[in-house]
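A single chain, nothing else alongside it, follows as structure tokens in the form predicted on its own.
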């Protein structure tokens, strides 16, 4: 294997190496970290961020960004909660109606972002920053800062499983598999990559760039809603802080998983590795007794590391591609 090939392999799989190094470090520092229960809990907790990171991957592939996923989670969970306040719906069918209400809210939220970006031509960063604040404000105004309690049938959904696998992990697996098929096996997926690499070239090739852009924000909205309604089924009570700051974990997970902030590069499977790494660090800090006031600084360092890796990876890979194209 040539040095350039080896360098490319290392750059493309940097997150995997970091993942293994972090896992071994925390395991050596706290042997209980290697326990089956600990690992299962990490995967379960990572599933919520991972589901939304899959949606964020779609957006990042088009060189966009969605900062509003935390507010989307909150509003979607709130919509499901209000449906369940009706005594006639506090049963199995009511849970299904509540889930549909929550997912519909997420789709509408994503469509609002898409409309402002595609039709009004406002920068994605500004649009989603605005809807981040506005969404939280709308939710607070509706609930008047009061919490929402969820009935036992809804909590039973969150505690259920399939073949012994917890429901959050099942949902995560289904979302990742569906996203992988869409991105790697469909024309729509290929068009997303094309738009992210060069939107003007994609437009000249006959790709409906606006339609693709609109679609990815709706998909991200749906994934944020899935994460919200699934997580709240475990917590059981919605309060004003639900979903706060999750957008940073989601973006970090997606970028650490190999999705480029510059668009055109990334996979759905990367969200699995990235979200697991973020959750592993959060859990590992608890195992080794890191000061609670220092933990946000560690997470901030991880966000910086994700951006740095993405920048170095893109710069280096571009140089390697140019070198291969250069005639001997």
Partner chain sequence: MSDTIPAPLLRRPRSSALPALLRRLLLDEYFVLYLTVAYFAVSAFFFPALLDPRNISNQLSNVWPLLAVAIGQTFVIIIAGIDLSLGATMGLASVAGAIVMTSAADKLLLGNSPVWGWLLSEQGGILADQPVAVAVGIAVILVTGGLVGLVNGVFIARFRLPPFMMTLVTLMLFSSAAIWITQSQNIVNLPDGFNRLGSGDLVSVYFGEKVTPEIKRRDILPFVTYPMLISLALAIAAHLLLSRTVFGRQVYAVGNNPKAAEISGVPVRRTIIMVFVIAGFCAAVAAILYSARLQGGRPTIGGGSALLDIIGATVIGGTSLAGGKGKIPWTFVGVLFFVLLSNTLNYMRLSAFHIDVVKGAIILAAALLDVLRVRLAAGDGR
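These numbers were taken from a predicted model, which means no experiment stands behind them. Residue numbers count along the first chain shown, from 1.
Separately, the form predicted together with the partner chain exists; it is not shown, and the next lines address it.
Hey, of 150-158, 221-229, 111-119, 95-103, which bit sits against the partner chain in the model of the complex at 4.5 Å between non-hydrogen atoms?
In short, 111-119.
With the partner chain left out of view, which of 127, 179, 238, 233 would have a heavy atom within 4.5 Å of it in the model of the complex?
Here the answer is residue option 127.
Ok, 43, 261, 30, 285: which has a heavy atom sitting within 4.5 Å of the partner chain in the model of the complex?
Checked against the cut-off, the match is 261.
Close approach of residue 307 to the partner chain in the model of the complex, 4.5 Å, heavy atom
Within the cut-off, so yes.
Does residue 300 make contact with the partner chain in the model of the complex, using a 4.5 Å heavy atom cut-off?
Residue-level check for residue 300: yes, a contact with the partner chain.
Would you classify residue 165 as touching the partner chain in the model of the complex, given a 4.5 Å non-hydrogen atom cut-off?
Although the partner chain is absent here, residue 165 would stay clear of it in the model of the complex, with no heavy atoms inside 4.5 Å.
Might residue 251 be said to contact the partner chain in the model of the complex, defining contact as any heavy atom within 4.5 Å?
Flag for residue 251 set to yes.
Would you give me the residues of 181-200 that have any heavy atom within 4.5 Å of the partner chain in the model of the complex, in order from first to last?
Contacts from 181-200: just 200.
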